[in-house]
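Okay, so here's just one chain, in structure tokens, the form predicted on its own.
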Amino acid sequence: MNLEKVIFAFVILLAATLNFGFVYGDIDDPAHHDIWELFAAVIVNLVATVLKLGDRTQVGAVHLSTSLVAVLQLTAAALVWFFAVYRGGQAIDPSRMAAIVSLSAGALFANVVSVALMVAETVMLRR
């Protein structure tokens, strides 16, 4: 067992599951989406991006691009939340929450592609 690969797979799966946990629920109901779960998804996706930086293979480049897309979309979702609540000075409304969850769902799709690549790469490994 390679500890580096275990940590890599753990972080990739944790990023996807945290993002799924945030997206899960009614799209426009702010009670179903926790800001701390979005924050954790952003941080773990940043860690996953850093872990993917050293891989120089073609699959590694695709891994890195999916992670960059996920970080970009999650950061956009966090900025929409920030400007809606902290700059606007009002509670978050359903239309803004739908925009935040939609951006996070895009990041979730990028996470799913990354997990699929990781599984495919693992299956193709020869001993």
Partner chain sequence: MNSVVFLTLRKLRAPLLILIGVYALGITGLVLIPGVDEAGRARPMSFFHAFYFLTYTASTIGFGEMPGAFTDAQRLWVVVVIYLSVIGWAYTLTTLLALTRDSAFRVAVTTSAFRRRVRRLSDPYYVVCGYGETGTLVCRTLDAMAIRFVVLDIDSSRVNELELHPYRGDAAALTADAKLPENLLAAGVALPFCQGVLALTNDESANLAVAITVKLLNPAIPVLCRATQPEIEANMASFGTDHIINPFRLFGEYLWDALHAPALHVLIQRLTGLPGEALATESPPPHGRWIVCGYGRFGREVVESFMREGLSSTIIDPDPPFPERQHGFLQGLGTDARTLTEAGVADAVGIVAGTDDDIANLSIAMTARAENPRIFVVIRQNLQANRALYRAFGAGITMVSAEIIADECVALISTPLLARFLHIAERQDEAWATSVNARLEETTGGTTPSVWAVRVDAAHSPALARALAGGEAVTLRHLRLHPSDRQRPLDCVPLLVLRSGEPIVLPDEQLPLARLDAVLFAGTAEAQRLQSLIARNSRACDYVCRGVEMPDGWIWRALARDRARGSAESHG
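What you see is a predicted model; the values in this text were computed from it and never measured. Residue numbers count along the first chain shown, from 1.
What follows is about the form predicted together with its partner chain, which we do not show.
**Q** Test of understanding: in the predicted bound form, would residue 47 fall inside 4.5 Å of its partner chain by heavy atoms?
**A** Residue 47: yes, in contact with its partner chain in the predicted bound form.
**Q** Mark residue 55 yes when one of its heavy atoms lies within 4.5 Å of a heavy atom of its partner chain in the predicted bound form, and no otherwise.
**A** Yes, residue 55 sits close enough to its partner chain in the predicted bound form that at least one of its heavy atoms falls within 4.5 Å.
**Q** Using 4.5 Å between non-hydrogen atoms, is residue 80 touching its partner chain in the predicted bound form?
**A** Contact with its partner chain, no.
**Q** Answer for residue 72 alone: is it within 4.5 Å of its partner chain in the predicted bound form, judged on heavy atom distances?
**A** Outside the cut-off, so no.
**Q** For the three residues 35, 51 and 86, which mark the spot I'm curious about, does each lie within 4.5 Å of its partner chain in the predicted bound form through at least one heavy atom?
**A** Yes, the whole candidate spot contacts its partner chain.
**Q** Report the residue, out of 31, 59, 91, 43, that has at least one non-hydrogen atom within 4.5 angstroms of its partner chain in the predicted bound form.
**A** Contact residue from the list: 43.
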